[in-house]
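Just one chain follows, in the form predicted on its own, and it is written as C-alpha cells.
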Amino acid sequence: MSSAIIVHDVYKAFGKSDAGRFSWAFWRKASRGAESADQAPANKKSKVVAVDHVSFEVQPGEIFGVLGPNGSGKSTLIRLISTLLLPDGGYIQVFGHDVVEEPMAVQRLINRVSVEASFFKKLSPMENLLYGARLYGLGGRESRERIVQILTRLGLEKRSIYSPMQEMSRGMQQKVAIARALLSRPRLLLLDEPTTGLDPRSKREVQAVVRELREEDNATILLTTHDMVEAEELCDRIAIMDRGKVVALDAPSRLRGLVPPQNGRQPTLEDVFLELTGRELTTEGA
C-alpha cells in the first residue's frame, strides 16, 4: 500500500534581514535597466532554519503525531504539507501528489485546522459552515444535515448553531473550525493544535470525533499537539521534533522505552520529551 504522506529530506529556512526593509525604489530602477541585479545594495541576512532535512512516511488511516517545543518546526511542517509554504529542499507527496508540482490535487484531498481559524463573527456557525460547504461544492440540504450532526457531536447546543459566532467562547469557535474541516470528508486531516483552549470535556469530544473519522472514513490524520496525554491516547506513532529535526519517531510505547525507569516509576512520554529535547513543552507561541 502506498503511503499517505511522504516527507523526504525536507528543508525550510526563513531569512531575517539586518539591513532594513526591501527597497522598492531599487527594484523599479532595476526593472528599467538602470541597475543590474548584481549591483544591488548589500543586505546581510541570517537564516533561521525551521525544518532541517526531515524525512518520514505516514500510512493511510494512521493517526500520526508531531510533538515539539516552541520553535521546533512542527507548525511550519504542517504548512508545507498543506501547500501554504514551499520547501527549499527535498519533496513532499500526499497520496502520490507532489505538493509543489500538483498543489491543487493535494488541496482537494486535505483539510486543515489550526489555532488561527477565522470566521465571519456576525454570522452563525450554520451560516459560516454553509459558506464553507459551497466552497467545497457541497449541496445545501445535505450540508445542513451534516453540519447539525457534526456540531452536536462536538457538544454544541442546537440554539448555538444559529447564534452569532461573536457570542461564542474561543473554545466553542474552535469546535466550529473542526466541524468546517470535517465537512468535506478529507482523506488527510491536518490538525495543528486543535484542542488548544478547550476545556477537558470538549477535548474528549474532539478526540472522539477524530477517532470516528479514522474508523468510519479511513481518514489519515496528522496531529500536532502540546498535550502529551492526547498524543499518547490518539496517535499510532509520534515524531518528536527539536530545532527543526526529528529526534525520535516510534509508537508511544516504544518511545517510553528510550528512558529507563527511575525509582521504580515507569517513564512517561513527557519524561522522554524532556530527555530528548532538554526543554519543557509550553503552550504559547509554537
Partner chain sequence: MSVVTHQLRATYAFVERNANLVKRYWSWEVVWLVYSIANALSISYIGLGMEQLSGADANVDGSRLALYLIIGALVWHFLSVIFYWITELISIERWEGTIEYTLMAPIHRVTHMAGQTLFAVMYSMLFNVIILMVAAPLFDIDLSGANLFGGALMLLAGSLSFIGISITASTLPLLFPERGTQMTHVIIALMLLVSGVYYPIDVLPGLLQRLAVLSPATYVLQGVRAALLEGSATRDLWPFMWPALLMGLAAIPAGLKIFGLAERYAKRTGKLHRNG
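Here the structure is a predicted model, which is why all the values come from computation and not from measurement. Residue numbers count along the first chain shown, from 1.
We do not show the form predicted in complex with its partner chain, though everything after this point is about it.
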Q) Which single stretch, out of 199 to 207, 150 to 158, 103 to 111, 90 to 98, brings residue heavy atoms within 4.5 Å of its partner chain in the model of the complex? A) 103 to 111
(Q) in the model of the complex, does each of 86, 123 and 127 have a heavy atom within 4.5 Å of its partner chain? (A) yes
Q. Do residue 144 and its partner chain share at least one heavy atom pair within 4.5 Å in the model of the complex?
A. yes
(Q) Is residue 214 part of the interface with its partner chain in the model of the complex - any heavy atom within 4.5 Å? (A) no
Q: Would you please decide whether residue 71 lies within 4.5 angstroms of its partner chain in the model of the complex, comparing each non-hydrogen atom pair?
A: no
Q.
Although the partner isn't part of this model, could you tell me whether residue 134 comes within 4.5 Å of its partner chain in the model of the complex, counting any heavy atom of the residue?
A. yes
Q) Within 61 to 83, which residues have a heavy atom closer than or equal to 4.5 Å from its partner chain in the model of the complex? A) 79, 82, 83
